[in-house]
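The chain below stands alone and is given as structure tokens, in the form predicted on its own.
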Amino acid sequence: MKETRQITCIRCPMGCLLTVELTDGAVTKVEGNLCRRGEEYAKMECVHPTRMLTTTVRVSNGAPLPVRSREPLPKDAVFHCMEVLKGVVVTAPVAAGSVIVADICGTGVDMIASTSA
């Protein structure tokens, strides 16, 4: 089955409008990219989209703690991860880079503290 999608590349400030052709779920052609990163982005976005997750968790004895995923998460897992993080409460002190939730939602990605608290 052949499919055509149009997406905007977010890998650089150019914001190229990409036309991506897929055949049986595999990227077969990418047009509109002004750099190599656009082709790489199109292949990833159409086959296995991922996103970085940044948010905050509660601190029992202080202000909310900014946290982020150590690496991009599968896009379809982001909302489930947010639900899990709503229930997380940590106790200060917490060092920047500390693992707050290991392997969140079975994704293999750790949520880490962005700053110290």
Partner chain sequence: MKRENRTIHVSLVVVGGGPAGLAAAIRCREQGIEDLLILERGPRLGGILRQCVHSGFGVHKFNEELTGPEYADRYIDRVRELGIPYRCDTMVTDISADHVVTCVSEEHGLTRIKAGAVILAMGCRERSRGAVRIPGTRPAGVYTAGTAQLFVNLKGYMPGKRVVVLGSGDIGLIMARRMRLEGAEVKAVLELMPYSGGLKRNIVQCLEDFDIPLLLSHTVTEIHGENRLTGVTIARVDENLRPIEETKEFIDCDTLLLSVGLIPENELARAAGVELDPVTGGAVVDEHRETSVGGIFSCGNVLHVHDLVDYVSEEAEIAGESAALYLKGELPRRQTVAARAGNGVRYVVPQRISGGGEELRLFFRPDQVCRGAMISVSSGGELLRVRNRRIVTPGEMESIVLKEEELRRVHGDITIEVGLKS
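Residue numbers count along the first chain shown, from 1. Think of the rigid core as the biggest set of C-alphas that the two forms share within 1.5 Å after superposition. Computed from a prediction, not measured in an experiment: that's the story for all the values here.
Beyond the structure shown, there is the form predicted in complex with its partner chain, which is absent from this document and is the topic of what follows.
**Student:** Please pick, from Val89, Cys35, Val47, Ala92, the one residue with any non-hydrogen atom lying within 4.5 angstroms of its partner chain in the predicted bound form.
**Tutor:** Spelling it out, the residue with a heavy atom inside the cut-off is Cys35.
**Student:** Since only the chain is shown here, I'm wondering whether Gly108 would be in contact with its partner chain in the predicted bound form (any heavy atom pair within 4.5 Å).
**Tutor:** It does not: once its partner chain is placed as it appears in the predicted bound form, Gly108 has no heavy atom within 4.5 Å of it.
**Student:** Decide whether Thr115 counts as a contact residue for its partner chain in the predicted bound form under a heavy atom distance cut-off of 4.5 Å.
**Tutor:** Judged by the heavy-atom cut-off of 4.5 Å, Thr115 is in contact with its partner chain in the predicted bound form.
**Student:** Is Gly25 close to its partner chain in the predicted bound form, meaning a heavy atom pair under 4.5 Å apart or at it?
**Tutor:** Close contact is absent here: in the predicted bound form, Gly25 is far from its partner chain, nothing within 4.5 Å, heavy atoms only.
**Student:** Contact between Leu53 and its partner chain in the predicted bound form at 4.5 Å, heavy atoms?
**Tutor:** Yes.
**Student:** Enumerate the residues of 47 to 83 that have a non-hydrogen atom within 4.5 Å of its partner chain in the predicted bound form, in sequence order, or give none.
**Tutor:** Stretch hits, in order: Arg51, Met52, Leu53, Thr54, Thr55, Thr56, Ala63, Pro64, Pro66, Arg68, Lys75, Val78, Phe79, Met82.
**Student:** Is Gly106 displaced by at least 2 Å at its C-alpha between the shown form and the other one when the rigid core is overlaid?
**Tutor:** No, because once the rigid core is superposed, the C-alpha of Gly106 moves less than 2 Å between the shown form and the other one.
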